[in-house]
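One chain follows as structure tokens, the form predicted on its own.
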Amino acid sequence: MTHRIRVVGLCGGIGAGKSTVATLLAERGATVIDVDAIGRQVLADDDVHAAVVAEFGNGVLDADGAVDRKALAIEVFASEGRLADLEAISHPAINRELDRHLTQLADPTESAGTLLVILDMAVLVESDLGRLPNGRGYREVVVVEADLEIRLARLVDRGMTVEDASARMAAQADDAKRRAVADHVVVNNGDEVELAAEVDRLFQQLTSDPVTSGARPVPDRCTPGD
């Protein structure tokens, strides 16, 4: 049987429900790669760790000398441009790890038929994450959306202050820019039952429509300031 891999980028503004959609897709049989988790893991790599300390100082380390992600986030979101400084360090390392995962999944000895792979990532249109030079990255995009006031309420329920939540939302691309590169849009303004129905529809499309990987260019990236 011919082996094919369909790689789809999944994104959405903070609080939109992207991770919930990823979980629902996994329950339906998709292979989900948590790109944000890889981002946390690479902070422990020696070269990334050293570069982060050189850029942001020892104040972002915990008592054991590991990168304290909360302290790092405070530093990153405190000043304009600091997020880009962190991404310049971490994103190449994340893409290398993604390449390793996708290369293994694309091996026909590992699986047969068409494999649906979802790259679950917070920043897709804002970055080059998942855009791999060898062409093995995503070529389709799913965007999860929710109204801004609903997203803000969800983030406050998680324990964020309104100010912190608003700053993080503002640091990301807006809905219009995400929608501009979207092949599929999932609206998550309702309850869990409504979202599950939306994901059922999406999964049916991703597993029955023709595989587009390699047939369309990688969507353009944009930046929040564009």
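Bear in mind the structure is a predicted one, so any value in this text is a computation, not a measurement. Residue indices: 1-based, along the sequence shown.
There is also a form predicted in complex with a small molecule; it is not shown, and the following applies to it.
- Taken together, the three residues I14, E192 and L195 all lie with some non-hydrogen atom within 4.5 angstroms of the small molecule in the predicted complex.
- In the predicted complex, the small molecule lies within 4.5 Å of some heavy atom of R154.
- Using a 4.5 Å cutoff between non-hydrogen atoms, Q205 does not count as a contact of the small molecule in the predicted complex.
- Mapping the unseen interface onto this chain, R158 counts among the residues with a heavy atom inside 4.5 Å of the small molecule in the predicted complex.
- With the small molecule left out of view, the stretch that reaches within 4.5 Å of it through heavy atoms in the predicted complex is, among 197-205, 39-47, 184-192, 53-61, 184-192.
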